[in-house]
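Only one chain is shown below, in structure tokens, and it's the form predicted on its own.
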Amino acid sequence: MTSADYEPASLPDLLPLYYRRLFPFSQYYRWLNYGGVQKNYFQHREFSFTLKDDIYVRYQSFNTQNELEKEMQKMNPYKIDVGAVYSHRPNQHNTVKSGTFQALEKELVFDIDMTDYDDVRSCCSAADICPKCWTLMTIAIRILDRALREDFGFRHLLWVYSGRRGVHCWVCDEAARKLSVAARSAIAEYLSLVKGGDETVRKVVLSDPIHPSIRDALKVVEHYFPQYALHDQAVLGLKESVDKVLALVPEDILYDGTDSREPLLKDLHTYFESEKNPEKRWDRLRGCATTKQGTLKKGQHFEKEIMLQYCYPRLDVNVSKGVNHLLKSPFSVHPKTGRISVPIDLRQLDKFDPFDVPTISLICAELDRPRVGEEEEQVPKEKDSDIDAAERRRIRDYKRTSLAKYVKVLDQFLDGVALSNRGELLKKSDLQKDF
């Protein structure tokens, strides 16, 4: 069975099997409990479930991993969203005094959706994706991951494929989870560069000197731009595409002593009539931006602006700003594609293919494969005391499927978070000793 074999009509039959035998509840609880350092942290977390026929159930919360498991196995949600940690248990929000039920913490999250790039991709539109435009998600992850780590000092970033057309980032550092709305807004705005709606032609305008973070982003863009933009999207191919690019040349550019872009556009059109090679066309355009000193004063960065407009990450800023905003959970199933929302291993980022991500139909079918010659998967002995029989069976089950490597990515991420948590606890205990 392949990913293409998924049929949405089969979802009601597959979800009970998925939640009973494959969903990684142990790792999931370990993630959202953060080592149990803060009292009631997991218990005050909001979950929302989208059920069959688009029935939407908010303010779900659970005392234990076991309680979460039983409810999900009972309700078999088509989609799971994770929300904030509240001042009170979300399932009791109607019983607390008005105004006291407040969202206190949540991971700093980012949502990058391919539909926001429809004006700069020609291969697909709307919810459709293909290998040619998926490069945009690779570029977005590389740029944002570097900025969040190096510019802001965050360490624990969980990147997740949405299951259809985009990616999500969960910044899980304690400092990130405690950020105010104002701080989240400031970070989101700092990382936003493409501005303006459909009526805005030039959506990227650089000032001089170029900010160091944008210079770092340009290094990423310049690496992918030739293959992605010039070949896969053919932005300097057909006349319509060429006109869109040349429309990004500033109106008031000073070229060959003329305060107008017309001589520049005429020069380029003449050259393009005889030269069809996309790299040579781009080199000619770039050459205009780096012509001898004094002939091109205004818009001296316009070729960089073009590259950034076509490739720089496009964020849904509102998702990042709000503490109480819900975001699709890792390991949720996308009802239309059947694909699992899986963590992405950044060490293999350029090899990540959304079409290789397993569907629920595939992994459920893999459970039925004969185990001839296959060694029984063993849970490490040191963990035996912490894992009940049902959990051991689930571990054996998912390790037999295509889901295993993605659960391993989450495991490795959680090990890093746990190590950091232990370090913080040691620091606090040492400080207390000093006093």
Partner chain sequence: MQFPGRQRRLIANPKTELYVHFLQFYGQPPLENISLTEFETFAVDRLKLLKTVENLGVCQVKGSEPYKVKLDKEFSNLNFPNKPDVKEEDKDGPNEYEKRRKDHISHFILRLAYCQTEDLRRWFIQQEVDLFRHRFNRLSPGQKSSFLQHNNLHYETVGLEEKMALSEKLIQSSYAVSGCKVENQDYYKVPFQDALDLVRNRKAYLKAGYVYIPQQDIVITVLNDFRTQLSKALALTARSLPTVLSDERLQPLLSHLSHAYVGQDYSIQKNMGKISLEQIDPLSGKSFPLCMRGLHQALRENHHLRHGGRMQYGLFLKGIGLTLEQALQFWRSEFTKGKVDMDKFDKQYAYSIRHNFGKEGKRTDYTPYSCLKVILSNAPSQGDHHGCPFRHSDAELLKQKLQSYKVSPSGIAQILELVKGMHYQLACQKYFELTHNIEDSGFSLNHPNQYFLESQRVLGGGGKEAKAEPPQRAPDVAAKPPLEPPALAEMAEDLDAYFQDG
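Numbering follows the first chain given and starts at 1. Predicted model, so just to flag it, every value in this text is computed and none were measured.
Not on display, but discussed next: the form predicted in complex with its partner chain.
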query	finding
Listed range touching its partner chain, judged in the model of the complex by heavy atoms within 4.5 Å, from 338 to 346, 202 to 210, 125 to 133, 356 to 364	202 to 210
Distance check, residue 226 to its partner chain in the model of the complex, heavy atom within 4.5 Å	no
Heavy atom of residue 273 within 4.5 Å of its partner chain in the model of the complex	no
Any non-hydrogen atom of residue 153 within 4.5 angstroms of its partner chain in the model of the complex	yes
Partner proximity in the model of the complex: residue 189 to its partner chain, non-hydrogen atom cutoff 4.5 Å	yes
Option touching its partner chain, based on a heavy atom within 4.5 Å in the model of the complex, out of 307, 140, 160, 214	214
Listed residue (82, 144, 167, 179) with a non-hydrogen atom within 4.5 angstroms of its partner chain in the model of the complex	179
